[in-house]
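Here we start with a single chain on its own, the form predicted alone, put down as structure tokens.
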């Protein structure tokens, strides 16, 4: 059918976006529902008496103390590595940077048991045995920190590199033209702007260290009142059939992670507000 001259084409009828939004909501909500369902199932499986009993246990109290100490030390060590390495990878192109970038992904993609086995083998070599003549590491408390650090540092480095990538080079270049050295420009200009990234890196490192299990089990063992941290406490409680105790310890880990994340989020928002003033 030919259209008459001068007549306008009718605009296409807009289709409803309701099915699209509905699909987005369903697909996105499935994972959130799964997480909430797991937490609710844990909370319903145990009772307040089980939680109090777990908190009164000398073994669990020791595991809580060792977890807090080891995770904090791991976070500090991770930041000491992540800040300079992330800045180096972000600011300076050099030969072999892609290789270093790939090496940093190894602790992230390797199975945790392989990392623990590799650490165990490392300290069975002549250099590793020589180190252990002065500091006992394998199946001791230092092995817990080293196992946590070997994985947590990789996440911290990735976070700090992303933070430095978001900072404009212009601010640093202006500081250099005004007479600052490279180190002065880093400490006075770059690092203060990367404060939120620093907080995020510390959060990821601490949370990752808190949940580390595989490398600790292989490299440090699961000895009660010695190398026992919260993840290995869950394993030990399950090994003796105390499912209620394992769930109670798991809820303690969830609560600790939520408290840390809330504190860091509030502090990060306050820091961002102050920087905008």
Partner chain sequence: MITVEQLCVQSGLFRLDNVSFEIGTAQYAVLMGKTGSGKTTLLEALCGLKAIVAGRITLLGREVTRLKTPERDIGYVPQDLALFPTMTVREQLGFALMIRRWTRAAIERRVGELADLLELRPLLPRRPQGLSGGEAQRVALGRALAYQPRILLLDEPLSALDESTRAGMYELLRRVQHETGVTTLHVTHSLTEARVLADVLLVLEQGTVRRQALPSDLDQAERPQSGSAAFVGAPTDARSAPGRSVPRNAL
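Because the structure is predicted, anything quoted here is derived from the model rather than measured. Numbering follows the first chain given and starts at 1.
Unshown form predicted in complex with the partner chain; subsequent notes refer to it.
Honest question, do 19, 26 and 30 all end up within 4.5 Å of the partner chain in the predicted bound form by heavy atom distance?
No.
Answer with one of 138, 72, 193, 118: the residue that has a non-hydrogen atom within 4.5 Å of the partner chain in the predicted bound form.
Checking each option against the partner chain in the predicted bound form, the one that comes within 4.5 Å is 193.
Which one of 180, 88, 100, 81 is close to the partner chain in the predicted bound form, taking close to mean a heavy atom within 4.5 Å?
Contact residue from the list: 180.
Want to guess which of 202-210, 151-159, 105-113, 167-175 is within 4.5 Å of the partner chain in the predicted bound form, heavy atoms only?
Heavy-atom contact with the partner occurs in 167-175.
Heavy atom to heavy atom, is residue 184 within 4.5 Å of the partner chain in the predicted bound form?
Residue 184: yes, in contact with the partner chain in the predicted bound form.
Might residue 189 be said to contact the partner chain in the predicted bound form, defining contact as any heavy atom within 4.5 Å?
Residue 189: yes, in contact with the partner chain in the predicted bound form.
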